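This document starts with one chain, in the form predicted alone, laid out as structure tokens.
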Amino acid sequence: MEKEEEEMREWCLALPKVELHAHLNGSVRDSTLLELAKQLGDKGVIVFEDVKDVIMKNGRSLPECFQLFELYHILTTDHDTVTRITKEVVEDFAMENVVYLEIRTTPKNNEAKGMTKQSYMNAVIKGLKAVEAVEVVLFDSNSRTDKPLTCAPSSELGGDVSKKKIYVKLLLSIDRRETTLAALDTVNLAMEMKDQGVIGIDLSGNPVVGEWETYLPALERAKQLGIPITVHCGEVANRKEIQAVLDFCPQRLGHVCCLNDDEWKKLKSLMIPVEICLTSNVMTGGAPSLELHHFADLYNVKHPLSLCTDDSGLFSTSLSNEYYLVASTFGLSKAELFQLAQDAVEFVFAGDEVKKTLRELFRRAEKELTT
């Protein structure tokens, strides 16, 4: 059994994958987090001993996860740290054979640190351009001068990560703590940076904070501008908001855990693709267990969905592991897992040229991985 498990894990790693729901800060490496936290401790900004054990722990409780969120917030007020984290996160996803990655992050204003939303995003883009271990394809929406993505299945790479290529796009997150004006600023920034890899808008943050009406003007503005939108939906059982989100009908939805029967019915009729985050949902209590996760219901009715990590560092997971969990929990075959990964191509916010290239990539990989 152990040999079968190991073989399946290796197969899930070799599988080309599309990641559509990954928060930059929550995907930071534990080793980097430990190093940076120690530096903050030495400076007296935090008490290092208070977070040391939590950082080194595998399988954190929800309160411990929130403790790390506070640490992420402190760390990302420094431009150089943002650049470093971005670089490492992209490299880590590429090592997992992720061929297309949408990273979401909240642009931050911090006057004390001399940080604006624009300078924060410049630090992120600097990190993308600093990646050397893999070739990052940051394509311009107004030009097709970039080389096409030619990512071979991992066995053809001979373990040489330098041959890997990965498409990376950015989603700007509106935080639920923000005002309407601040949310509109983020949408305007997304429009200004659309030729620098920014491709969409996300609404996220503490699900019990804020009102839908606060962010609606910004989301409607994004829709008018033709900017794709994804919304965290149903992380808590807020009936009024879930209904409003479904009525708004964004291009994608994240999580959708706490829906009632009528809301499930409406979601399925709208066929809005869902970003499924198994480990995250179980750890945060959005789903009672892996076995009872709503993935099975949506998958069985052929609802559009994609597997995602949410916060790979925070929840000690990877996209390869999420595919393995689906295989081991719900009994999906390799052919079914491959189809699940391939289907995610249709839900990316990138344009037809990118989708065409990704489809071709999967066609080339299919023969090797499913026969």
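Only a predicted model underlies this, so the values are computations on that prediction, with no experimental measurement involved. We number the residues from 1 along the sequence you see.
What follows is about the form predicted together with a small molecule, which we do not show.
Asks: Given that the partner is absent here, state which listed stretch (89-97, 241-249, 292-300, 279-287) has heavy atoms within 4.5 Å of the small molecule in the predicted complex.
Replies: It is the stretch 279-287.
Asks: Of P228, P273, G205, G210, which residue is found within 4.5 angstroms of the small molecule in the predicted complex when only non-hydrogen atoms are counted?
Replies: Exactly one residue meets the criterion: G205.
Asks: Could you check which residue among H232, K164, K117, H79 gets a heavy atom within 4.5 Å of the small molecule in the predicted complex?
Replies: Contact residue from the list: H232.
Asks: Kindly confirm or deny that E102, L138 and Q342 each have some heavy atom within 4.5 angstroms of the small molecule in the predicted complex.
Replies: Zero of three within 4.5 Å in the predicted complex.
Asks: Is there any non-hydrogen atom of V47 lying within 4.5 Å of the small molecule in the predicted complex?
Replies: No, no contact at 4.5 Å.
Asks: Please check if T83 has a heavy atom lying within 4.5 Å of any heavy atom of the small molecule in the predicted complex.
Replies: No - in the predicted complex, heavy atoms of T83 and the small molecule never come within 4.5 Å of each other.
Asks: So in the predicted complex, does any heavy atom of D175 sit within 4.5 Å of the small molecule?
Replies: Answer yes; at least one heavy atom of D175 falls within 4.5 Å of the small molecule in the predicted complex.
Asks: Report yes if any heavy atom of K17 sits within 4.5 Å of a heavy atom of the small molecule in the predicted complex; otherwise report no.
Replies: Result no; K17 lies far from the small molecule in the predicted complex.
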